[in-house]
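Only one chain is shown below, in structure tokens, and it's the form predicted alone.
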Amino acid sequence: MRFSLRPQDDTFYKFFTDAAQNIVKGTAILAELAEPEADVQSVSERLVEVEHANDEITHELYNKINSTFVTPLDREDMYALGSQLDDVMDHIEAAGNLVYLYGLSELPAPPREMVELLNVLVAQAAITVQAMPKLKGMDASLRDYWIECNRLENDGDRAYRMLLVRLFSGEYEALTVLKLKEVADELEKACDAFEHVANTVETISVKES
């Protein structure tokens, strides 16, 4: 049996879980862009609300870390995990906001590869929210989480590369290509940010095992 002198304050783990649940909401809202006649303005506005809620969670986490003498995990790791979860939501919100600001709702449908990227983000969010509560007990299944998250990130990279091929194939007007590429870049950054979360979870697990 492994013993620890660290306090097991459930509040810290709840912050991570709450942030991950917020991200699930965000990816679900963003995925609406793949639906016919999606309300892009509504998507953008709701993503701003979710992103603001995530900022509040992150600030509360930092305040809790700063006001706690002995934390259940290394402070640097908790700062990193909180920041990386916030980064995921920032990129998701930015992608939805750009679609609205650039008027991309006028397109008949988003490129198939962009929909694939959205699906990857939904899948990454789903496994991340399942993993966060397991941090407290350092559940052995966390290893499955970071392996799967990294695999999904690879899927996202492939979808992103194929999306770039399509964008520069001449199918779209030059200005539309530039707009779509900015959205694609934010989606790809969100995929990467999920991987950073998974890598930090792996680091924490190794340290605490």
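Heads up: residue numbers just count along the shown sequence, starting at 1. Every value quoted in this text rests on a predicted model; they were computed, and no experiment measured them.
Another form exists, predicted in complex with another copy of the chain; not displayed. Remarks below refer to it.
**Q** Applying a 4.5 Å heavy atom distance criterion, does Ala126 contact another copy of the chain in the predicted complex?
**A** Contact check for Ala126: no, nothing within 4.5 Å of another copy of the chain in the predicted complex.
**Q** Would Met162 count as a contact of another copy of the chain in the predicted complex, using a 4.5 angstroms cut-off between non-hydrogen atoms?
**A** Looking in the predicted complex, residue contacts with another copy of the chain include Met162, since a heavy atom lies within 4.5 Å.
**Q** Taking 4.5 angstroms as the cut-off for heavy atoms, does Ala174 touch another copy of the chain in the predicted complex?
**A** Close contact exists here: in the predicted complex, Ala174 approaches another copy of the chain to within 4.5 Å, heavy atoms only.
**Q** Quick check on Leu73: any heavy atom within 4.5 Å of another copy of the chain in the predicted complex?
**A** No.
**Q** Only one of 95-103, 116-124, 130-138, 80-88 gets a heavy atom within 4.5 Å of another copy of the chain in the predicted complex; which is it?
**A** Of the options given, it is 95-103.
**Q** For the heavy atom contacts within 4.5 Å of another copy of the chain in the predicted complex, list the residues of 170-209 involved, in sequence order.
**A** Sequence-ordered list: Gly170, Ala174, Leu175, Val177, Leu178, Lys179, Lys181, Glu182, Val206.
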